[in-house]
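Presented below, as structure tokens, is a lone chain in the form predicted on its own.
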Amino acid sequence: MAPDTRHPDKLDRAVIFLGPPGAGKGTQAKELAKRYGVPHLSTGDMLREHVSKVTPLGKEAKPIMERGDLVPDSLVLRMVRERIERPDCSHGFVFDGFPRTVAQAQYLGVLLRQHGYRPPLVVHFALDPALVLRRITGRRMCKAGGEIYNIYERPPKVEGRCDSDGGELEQRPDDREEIVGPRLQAYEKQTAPLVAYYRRLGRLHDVDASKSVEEVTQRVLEIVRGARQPAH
């Protein structure tokens, strides 16, 4: 069942992270989810899970993904509904990379109400475009454990190797400079209107994403704790 009471050490709501690629949403989403013991939900992970398990949704998504096309809203939204209905989401969850459009946000709002959740808490990671480019092109990921580094801002102790398990670090193909420009344009066109949408609803909290990972984490935690205080 969806939560109907506020537990002092539970998240008990949906938290949405908005911001351009490279703003650090993934890192912060994992950290917040870990602190509160709730799922970190990524639509990319959901898609891969359904495809690998050959679910009905996965069978629909696989040929679309193999063509390199965008998975349609109808399919993504069905996956999101299925995911948040699982028991591990009963005390809240953190969305990373969803919603991407105002239409998705409106659907999510309805879905959350249907499941007894309060309105989502939305954290906006604000970052200068020049810094976005540096963040993305400098990003490296551990092939083994998925740890994320940045050769400019958060380099590993040993070049090309993960601090945790010594795994090889790689640059994702879509993190290369020639790919990043179009990605940022796509973000501005499609996703940035979400900032205006949630700001109008009074649910948006801005975070300066140019700060250190630790400083951003502290700011995110302040926002979440503040939002969880009982209303007077």
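From 1 onward, residues are counted along the sequence shown. Source: prediction; values computed, not measured.
Heads up, the form predicted in complex with adenosine monophosphate isn't pictured, but that's what we're talking about next.
Here the marked residues Pro120, Asp206 and Leu221 all miss adenosine monophosphate in the model of the complex; none has a heavy atom within 4.5 angstroms. With adenosine monophosphate omitted here, the record of contacts in the model of the complex names 170-178 of 31-39, 196-204, 52-60, 170-178, defined by a heavy atom within 4.5 Å. Of the residues Cys89, Val71, Val102, Leu112, just one reaches adenosine monophosphate in the model of the complex with a heavy atom at 4.5 Å or closer; this is Val71.
For the options Leu108, Ile84, Val76, Cys162, the one in contact with adenosine monophosphate in the model of the complex, meaning a heavy atom within 4.5 Å, is Val76. When contacts are judged by a 4.5 Å heavy atom cut-off, Phe93 does not count as touching adenosine monophosphate in the model of the complex.
Shown alone here, Gly166 lies farther than 4.5 Å from adenosine monophosphate in the model of the complex, counting heavy atoms only. The closest non-hydrogen atom of Gly97 lies within 4.5 Å of adenosine monophosphate in the model of the complex.
Residue contact check for Arg48: one or more of its heavy atoms lie within 4.5 Å of adenosine monophosphate in the model of the complex.
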